[in-house]
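Take a look at this single chain, the form predicted on its own, given in structure tokens.
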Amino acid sequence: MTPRSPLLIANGQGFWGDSILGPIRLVREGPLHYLTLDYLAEVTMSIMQKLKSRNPGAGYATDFIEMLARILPICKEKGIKIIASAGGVNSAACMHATGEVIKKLGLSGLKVATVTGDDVLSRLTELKQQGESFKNLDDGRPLAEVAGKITSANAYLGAFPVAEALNRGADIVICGRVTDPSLVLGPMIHEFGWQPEDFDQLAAGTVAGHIVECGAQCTGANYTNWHEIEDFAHIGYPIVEAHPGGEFFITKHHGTGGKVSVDTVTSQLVYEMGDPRRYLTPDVIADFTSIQLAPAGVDRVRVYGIKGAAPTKFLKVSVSYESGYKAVGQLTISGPEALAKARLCAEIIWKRLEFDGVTFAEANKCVEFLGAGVCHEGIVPAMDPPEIVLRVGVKDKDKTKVNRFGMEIVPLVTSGPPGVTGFAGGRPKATEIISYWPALVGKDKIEPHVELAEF
């Protein structure tokens, strides 16, 4: 196969809940070879696992199916392939739902692949017996501390299984937990024939994936100089123009809103950055200090000079576990001395709960006075505005205590100071807290699996 150069890869989803218009506009508004869709944050896997426990047919990104119904005809017409981490913890169900959409649209001859092997929840005991400790990467705690509370455990797979699915002819690739850049790196490996030892090229593809993984964050969204950005409502989602040697360009479709510049790309490059010299992935260690950026025309940035090194022998594992309950409520307090009245309202809540024998540790209480400069406390001067949103919350292992707290907010409307004019969201009820446990597992213990079906 002669590699396409440039290879056009766009990312249309930065998370589960991103605008459905991103991918729809990307396939309609210009040329494209691959559309990637990144759905999975760390906590998302636990949410999906919980959904699957209630319904064996759930556990994947349902937005993906709705979106497919709108873009598949044009993707087939243009030959655009789709790669998505939409499988969550139930890639098989996601594949089935995808097949149903294909049939409903009257399409045929589309090959759908799943990439699995990341879910190790059922294998934790087996893997521990094989010497895997799963100690917490942040503080070294043993996994035994959360035994019986774990809700999900997924290893981050790399890009080569994605490339394998494409090598086998897949038009749509549905992944579980893969690293975010793998969605973009996979088609480069497939098209350019990159090998596991091509560290500089793999590092370049990883950097490209990192730049576009959050969608419009590299085309002007969430950008410090936001006043420079035109037409946020029609902001263009990013496109990678990739070349076999590892050089690539970041751009967007002509005529869309937003901006692609060295500054907007740099802003995204430092997002979620650890050691810039050692950006660790399953396939390569990328040296972000080697990245060279240069303007290459209107809304077009050249990225080149990237260096990579051999990866480690481990994969990162994202473990989620239950760690108690929380509840949060809010009141709007207006009129003169709104801040003082809001402080009094919070004090009343704690005293009334204490009178009823319900107390919370200070570390488990949250009190915020939105509007008085608390979001950037110590940076923005404090104010005494004409209205305040009092946001108050608790967390505890005792669900009954947390629900009791929720009963003491709305009574302040009639039994507190004047000006309590708004109560939002109904009485807050206890909801489960899902906490994050980062760990490692040996690569030799994880076997990615690719399954292909034609519809």
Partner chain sequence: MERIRLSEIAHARSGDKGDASNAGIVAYSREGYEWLQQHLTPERVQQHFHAICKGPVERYEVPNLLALNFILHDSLGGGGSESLKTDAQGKTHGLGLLQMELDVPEAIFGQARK
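Nothing here was measured: the structure is a model prediction, and the numbers come from that model. Numbering follows the first chain given and starts at 1.
Here the subject shifts to the form predicted in complex with the partner chain, a form of this protein not shown in this document.
- Mapping the unseen interface onto this chain, Ile379 counts among the residues with a heavy atom inside 4.5 Å of the partner chain in the model of the complex.
- Proximity of Lys149 to the partner chain in the model of the complex: non-hydrogen atoms within 4.5 Å are absent; the residue sits far from the partner.
- For Asp200, no non-hydrogen atom is located within 4.5 Å of the partner chain in the model of the complex, even though that partner is not displayed.
- Although the partner is absent here, His33 sits far enough away that none of its heavy atoms falls within 4.5 Å of the partner chain in the model of the complex.
- Checked against the partner chain in the model of the complex, the candidates Ser334, Thr256, Thr312, Ser267 yield a single residue with a heavy atom inside 4.5 Å, and that residue is Ser267.
- Among the residues Phe248, Phe160, Tyr223, Phe192, the one placing a heavy atom within 4.5 Å of the partner chain in the model of the complex is Tyr223.
- Stretch-level contact analysis of 101-109, 235-243, 267-275, 149-157 against the partner chain in the model of the complex, using heavy atoms and a 4.5 Å limit, identifies 267-275.
- Along 333-366, residues Asn364, Lys365, Cys366 each place a heavy atom within 4.5 Å of the partner chain in the model of the complex.
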